[in-house]
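Just the one chain here, the form predicted alone, laid out as structure tokens.
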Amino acid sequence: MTELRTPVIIINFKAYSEAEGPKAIKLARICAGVAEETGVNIAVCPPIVELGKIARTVRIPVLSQHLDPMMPGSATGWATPSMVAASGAVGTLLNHAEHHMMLADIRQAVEMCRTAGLISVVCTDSASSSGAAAFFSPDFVAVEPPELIGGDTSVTDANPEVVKGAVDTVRRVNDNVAVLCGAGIKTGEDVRSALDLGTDGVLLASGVVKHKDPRQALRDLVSRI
């Protein structure tokens, strides 16, 4: 599937043990099942070693957790845009808090994604960095204050100003760029708050991947959309 409709919930599997090997496929199928039963657009970012397998298994958008602005050829150990596209993935995260990139590399990666037909989701940590990323014209900017990532308090409660500020700043720079927020998102109330703050969806990980019942966690997340 190539369409990433909004509002969207993007589930980043990270490198959690709950998403290793066959468990990644099981989790992706749960996400696809909830998307089908509710009609809400859910996308997944599995570990890159499972990227192609999952892209061939589920009919929801599959994104890479990262890629490198490298051309095919002598690039041992790098994940090129053409590799990611050939895997069947429809896009990628860039500059996640756990995988920082230089600004010049972000810009080049966004441009190469555009050429390869890949959706780009640039992660940021503030309103100002969100505006800077918007100058590169990615498809999405996802603001996530790093101190709240993986925590129990949603960014929409702990720091709604950074979410609203990112939305306003990105809109001023490039109104064609959609805005997501993440960090501590775990419930349908959190998602509703994010949408009310002007975002086009959310990016989250542990609230689903490490939940004892990922299906129920997802059903709760989509319940207020």
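Quick note: we count residues from 1 along the sequence shown, nothing fancier. Every value quoted in this text rests on a predicted model; they were computed, and no experiment measured them.
Note that the form predicted in complex with a further copy of the same chain isn't included here; everything after this is about it.
Quiz item: Only one of Ser193, Asn41, Gln65, Asn159 has a non-hydrogen atom within 4.5 angstroms of a further copy of the same chain in the model of the complex; which is it?
Solution: Going through each option in turn, the one that passes is Gln65.
Self-check item: Contact assignment for a further copy of the same chain in the model of the complex, among Leu51, Leu27, Ile185, Leu180, heavy atom within 4.5 Å
Solution: The residue in contact is Leu51.
Quiz item: Would Glu98 count as a contact of a further copy of the same chain in the model of the complex, using a 4.5 angstroms cut-off between non-hydrogen atoms?
Solution: Glu98: yes, in contact with a further copy of the same chain in the model of the complex.
Quiz item: Would Arg59 show up as a contact with a further copy of the same chain in the model of the complex if we use heavy atoms at 4.5 Å?
Solution: No, Arg59 stays farther than 4.5 Å from a further copy of the same chain in the model of the complex.
Quiz item: Does Gly73 make contact with a further copy of the same chain in the model of the complex, using a 4.5 Å heavy atom cut-off?
Solution: The answer is yes: Gly73 has a heavy atom within 4.5 Å of a further copy of the same chain.
Quiz item: Just to confirm, Val173 within 4.5 Å of a further copy of the same chain in the model of the complex by heavy atoms?
Solution: Output for Val173 is yes: heavy atoms within 4.5 Å of a further copy of the same chain.
Quiz item: in the model of the complex, which residues of 100 to 118 put a heavy atom within 4.5 Å of a further copy of the same chain?
Solution: If the 4.5 Å heavy-atom criterion is applied to a further copy of the same chain in the model of the complex, 100 to 118 yields His100, Met101, Met102, Leu103, Ala104, Ile106, Arg107.
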